[in-house]
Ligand SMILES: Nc1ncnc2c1ncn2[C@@H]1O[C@H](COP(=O)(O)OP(=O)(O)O)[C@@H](O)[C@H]1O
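Coming up is one lone chain in structure tokens, specifically the form predicted alone.
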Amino acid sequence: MIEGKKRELARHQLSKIYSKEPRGELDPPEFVVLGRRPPTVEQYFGYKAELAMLRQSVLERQCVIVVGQAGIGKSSLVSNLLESLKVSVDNHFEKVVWQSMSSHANLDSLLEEIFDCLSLEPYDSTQDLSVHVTKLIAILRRERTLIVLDGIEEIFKGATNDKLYGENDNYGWFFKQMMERSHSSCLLITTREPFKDLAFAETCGQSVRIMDLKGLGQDAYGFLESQGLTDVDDGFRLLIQRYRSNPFLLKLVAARIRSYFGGDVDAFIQCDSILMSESLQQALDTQFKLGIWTSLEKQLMQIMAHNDENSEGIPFQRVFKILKKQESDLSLHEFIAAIDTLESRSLLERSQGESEPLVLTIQPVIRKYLLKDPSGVIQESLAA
């Protein structure tokens, strides 16, 4: 009786219960979302291929990670995934537990709420962590569950090369258990900061898949039209190039164009300005404070910010020569590793035409942030 009441309470607490009508053979299975409330997506553009890949990944892997910069649409993509699973007859998940990681200071806090959502016995933080995880894995074998951890980058505070998760080292152990121990469920994570250990596990054939979300691509044209703008004289292409088809940034700039330029995209383009917002400023502050930053990565970001004035890129060899003058013992291997890391954080881009040298580029928004630095974050985090 008590167990039944606990289950019913967990189902109603911050949850969304879908159809309760009797189901036919072709009807989708009952789908319950427990925990925190996923974001509401009123209009959704693009990411069709990414949605299909994400859907396949959560059915095939025990751990899936969606990585991308702030505003790129990670949470919206996952929320859209839940909507598609809700109406799908081949969805094998019985329930979803959605957790916003900004609400949890540590792993104990997270597991306590997950236990409550799944109607497990009360979580006792004095017990050994392995005991609790064993209980969780047991129910994930019996009940196919999708656990979503949204915005997990905060756990990387204080990270070092020796401690990848900083003060939250037990998270690394927890993810390893969720990835390696056999069960029929999936842990789905969204983050701005990439996971070096899980990326390595993916290359080793573990049950993990990492998806790198880059932007709307060609669908950004339709997105701008939905924001009440009209494409004249190639204005949409220039906006998309400047803001890298990031839906959050495009929505921000579209609102400003409507308010201050009467919807005239060309008039805004002629101002030759990159718009920032307080929320974007805070998001970038967080990104530059998190994770492990080597002195080489810091120098590389500074060089790109001060030399890529028109966002046209700098040849790979030229950047290497500039760094060599500052660090005479710099090896090509170290340089390439720094580029790979910054690219995985969506802070640096590289491109290469046929029979042409590799070019490194920094996004205009990132460059403006680095040069302006109103909060002093760069002096604190990127000082050599």
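When you see a residue number, it is the position in the sequence shown, counting from 1. What you see is a predicted model, and the numbers here were worked out from it, not measured in a lab.
We do not show the form predicted in complex with the named molecule, though everything after this point is about it.
Contact with the named molecule in the model of the complex, judged as any non-hydrogen atom within 4.5 angstroms, is confined among 255-263, 216-224, 271-279, 291-299 to 216-224.
Contact check for G71: a non-hydrogen atom falls within 4.5 Å of the named molecule in the model of the complex. Interface membership of V41, defined by any non-hydrogen atom within 4.5 Å of the named molecule in the model of the complex, is confirmed.
Although the partner is absent here, F248 sits close enough that one of its heavy atoms falls within 4.5 Å of the named molecule in the model of the complex. In the model of the complex, the named molecule sits beyond 4.5 Å of every heavy atom of Q177.
None of F335, F31, F316, F45 but one reaches within 4.5 angstroms of the named molecule in the model of the complex through a heavy atom, and that residue is F45. Of the listed positions (S311, T286, Q99, S76), a single one reaches within 4.5 angstroms of the named molecule by any non-hydrogen atom in the model of the complex, namely S76.
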